[in-house]
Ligand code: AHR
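Next up is one chain by itself, shown in structure tokens, the form predicted alone.
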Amino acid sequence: MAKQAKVTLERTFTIGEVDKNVFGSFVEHLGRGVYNGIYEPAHKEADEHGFRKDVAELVKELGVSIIRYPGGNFVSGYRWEDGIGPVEFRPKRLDLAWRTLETNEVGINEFASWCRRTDAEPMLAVNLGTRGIEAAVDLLEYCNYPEGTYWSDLRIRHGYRAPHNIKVWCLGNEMDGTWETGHKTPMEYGRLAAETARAMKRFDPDIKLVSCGSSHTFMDTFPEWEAETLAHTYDVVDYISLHQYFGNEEGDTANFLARSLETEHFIKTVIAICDYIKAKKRGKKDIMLSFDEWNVWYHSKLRDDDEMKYNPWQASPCLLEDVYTFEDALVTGLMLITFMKHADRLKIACMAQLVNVIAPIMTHTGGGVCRQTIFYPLLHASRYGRGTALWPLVASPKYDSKDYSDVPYLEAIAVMNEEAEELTLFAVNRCLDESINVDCFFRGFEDYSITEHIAFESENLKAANTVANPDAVVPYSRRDSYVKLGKGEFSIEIGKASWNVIRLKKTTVNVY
């Protein structure tokens, strides 16, 4: 017997515009993320710059809008000057973050140019761990000033006449973490970030700056970190960052699928603190959120810890190479739904990372490439989730898990694209053994009809795609899942443990 649920939409109950940068990603100098990931000059698919064309095509297929670089923990010990100029003269450095050897074959210029070739914008992080104001401003000048100064002319001599015109900058990375090189107290970071921001905005008042927030909700300093650092940075930054990773180490799938409730709590708490600081300072602007690291991450952790401890200082070793399962894809879908539910304040989100390192795209060095299971929810959200988010009223049965109570089996969000006259409902059924029959009542969409129901489901929750078997679990189009009840009303079956994309378009003809 299927469970029963109800979703009601009202066209005027809008949340906000879904920013294209919610569908971003992240490339760090870590493992095979750069070398033997996006960049592999000896590969048969390499372009004239050494970057893999087959990988670039999948990045473009995802529609990734913005890509954060070069870290991550790596940036807190990074000398950006090491990655510019003739490659043969670039120094090799020991990276303290991941205990590997960095060859610096790829740097700012190569990365920014690759981003533009994949139709994405670069989002750069500056080192506020071991460096500070001067290095950040020099990098900004090198990237964005047209010509006529030391750093801009140096860029031109390096072969890049046009400035990169990078508009979004992160003020360090995870500075609340004791694992971070140059870890700071909230006061130390707040002061340094504020002064760095002021200097950078003197150069260009139109750039957007991201202040470091908490690295996870389990941090001892959360949420005091946000309150104290924003007390310093509120006037000069535009976003505050959130980072969160989930795992299913205990093998408790019901609890794992409930973890997105923690994301909801994280977002609401940070918004509340941002608004508290705004009120305290009698400010006029809202601080927006940048969820610039998020994903499932746990499959590879024990192996990676041993590798970094017992085999350090390798160049681009295999690190953080999680092979993702179908249940991991459900969690990524739930997080994407949560992000779109907060479209009014959450304006950037970067799945960490893009290739090989906890990534939707996996390659074999010298070989093929595949779409991991988590590729598909991001692809669907990026392709169909651009527009105005609508607040759905969801009546769903609930369950309790080990760590969470009142978990709705049905999680959903709707996005309206008025220009294309399209509406998309994204939905996840958390129930592991029963489908859900959902009665949908869409007010203001009486002349819309379903054009497609994309379903992503598997009898094997541990099913995974690999380079050897790239299509073990893939989405498909359901043709028999719904019954029309009236104008703007229909009943649709959502399969057990599934990710669903229900697309509607303004039409007078029912395509089924």
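Since the structure is predicted, the reported quantities are computational estimates derived from the model, not experimental observations. When you see a residue number, it is the position in the sequence shown, counting from 1.
Unshown form predicted in complex with ligand AHR; subsequent notes refer to it.
| in the predicted bound form, segment of 7-15, 485-493, 21-29, 498-506 with a heavy atom within 4.5 Å of ligand AHR | Flagged stretch: 21-29.
| task | Using a 4.5 Å heavy atom cut-off, state whether residue 353 contacts ligand AHR in the predicted bound form. | result | Residue-level check for residue 353: yes, a contact with ligand AHR.
| query | Taking heavy atoms and a 4.5 Å cut-off, does residue 245 contact ligand AHR in the predicted bound form? | reply | Within the cut-off, so yes.
| Contact of residue 98 with ligand AHR in the predicted bound form (heavy atom, 4.5 Å) | Result yes; residue 98 sits at the interface with ligand AHR in the predicted bound form.
| Heavy atom to heavy atom, is residue 329 within 4.5 Å of ligand AHR in the predicted bound form? | Residue 329 lies outside the contact set for ligand AHR.
| Which of 411, 322, 226, 293 has a heavy atom within 4.5 Å of ligand AHR in the predicted bound form? | None of the other options qualify; the answer is 293.
| task | With ligand AHR left out of view, choose which of 435, 417, 221, 73 has a non-hydrogen atom within 4.5 angstroms of it in the predicted bound form. | result | Comparing distances to ligand AHR in the predicted bound form, the residue within 4.5 Å is 73.
| query | Listed by sequence position, which residues of 156-189 have a non-hydrogen atom within 4.5 angstroms of ligand AHR in the predicted bound form? | reply | The stretch 156-189, when checked against ligand AHR in the predicted bound form, contributes 173, 174, 179 at the 4.5 Å heavy-atom cut-off.
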